[in-house]
Ligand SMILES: Cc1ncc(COP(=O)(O)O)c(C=O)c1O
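This document starts with one chain, in the form predicted on its own, laid out as structure tokens.
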Amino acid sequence: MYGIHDEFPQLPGLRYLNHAAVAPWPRRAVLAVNRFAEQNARCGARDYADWLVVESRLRERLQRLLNAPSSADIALVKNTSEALSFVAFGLDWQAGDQVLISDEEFPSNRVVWEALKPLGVEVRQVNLQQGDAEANLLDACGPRTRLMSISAVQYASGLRLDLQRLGDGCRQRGVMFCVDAIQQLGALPFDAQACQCAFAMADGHKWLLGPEGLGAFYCRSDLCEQLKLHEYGWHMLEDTGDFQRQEWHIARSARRFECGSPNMLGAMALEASLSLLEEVGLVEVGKALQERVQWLLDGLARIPGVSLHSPREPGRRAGIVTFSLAGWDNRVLFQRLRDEQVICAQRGGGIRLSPHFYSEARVIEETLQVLHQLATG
């Protein structure tokens, strides 16, 4: 039996701190894809029934990860943007309706709402950095506010919001609550029921350690049939295997959002990756990640010229640490770090580092040494 670090046999010298963008797959996901490809080459779809078992297991793992009431509340989608689009263009908007977002959102959680402008929907952006972020959002809710859509963790600053407080406030105000969970799901525990969200979505290629092109969409069961559909096909029917049936009915479950053939290759990989997260446990994953973030914060504080753009308070952070270095253009610094095999991202006016629970101390220590050398010349 191999250990956690054997799951990530990364190249010698590689310092991978980019899980907030695209994460490496664990070994078990690679093996699952290899087995699937070999089976497909040898047998084609002879064992398709077995593939469906894996897909069903994936839905169950996602249900537990999101703490959704049922796996029937989970749709498998291409990505976060697709799920947000299902909500934005599924609701019955009226001219004058208002959507609240923050002023730090990734384009996926901004553009989709701004695309509703022809319907008379107003998008209001709320500042998160001045004062109480949650109070700012809730105070911005007015009589025309129909929905609040917020990232659980902001992609650039790494600011983590109190979702339960926001969910409570939205419920009290009669506002639907939509959570882009991509920067929290797989990094820290997430609870769709506790935060009372109407919708939540996340892609699998970041903290979930899966491939691009497959994610999860949680739709609260009482809202499922309220979202108008714009895509139709065989897979989203209640009687999905009865191809001769002339009368058809849309699935009562969230499968109604899956119009066509599933991404079985992605399902094999993501199901395997989630099995690792479940074995470790999201509470333990979160503790280990917070420990590594603290190492980064402590080390950056000792480097001359570093300005931190991310929260220091444990309750306000997940896995993102963004900083800038005096005297360095961010583009140049990013390239120098990449030359040193520090894999990170340029975001939010700085350099974004994002370890995961398994990141070795060596990776963090060597990254800090490189930055100290660059700072002191």
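Just so it is clear, the model here is predicted, and its values are computed rather than measured. One rule holds for the numbers: they count along the sequence shown, beginning at 1.
The same protein has a further form, the form predicted in complex with the named molecule, not shown here; the description that follows concerns it.
Screening T145, S102, S253, S108 for any heavy atom within 4.5 Å of the named molecule in the model of the complex leaves a single hit, S108. Among S273, S157, S149, Q183, the residue placing a heavy atom within 4.5 Å of the named molecule in the model of the complex is Q183.
For the chain shown alone, S81 is a contact residue for the named molecule in the model of the complex, at least one non-hydrogen atom being within 4.5 angstroms.
Here the chain stands alone, but in the model of the complex its contact with the named molecule, taken as any heavy atom within 4.5 Å, falls in 201-209 among 235-243, 165-173, 122-130, 201-209. Taking a 4.5 Å heavy atom cutoff to the named molecule in the model of the complex, none of the residues in 159-173 make contact.
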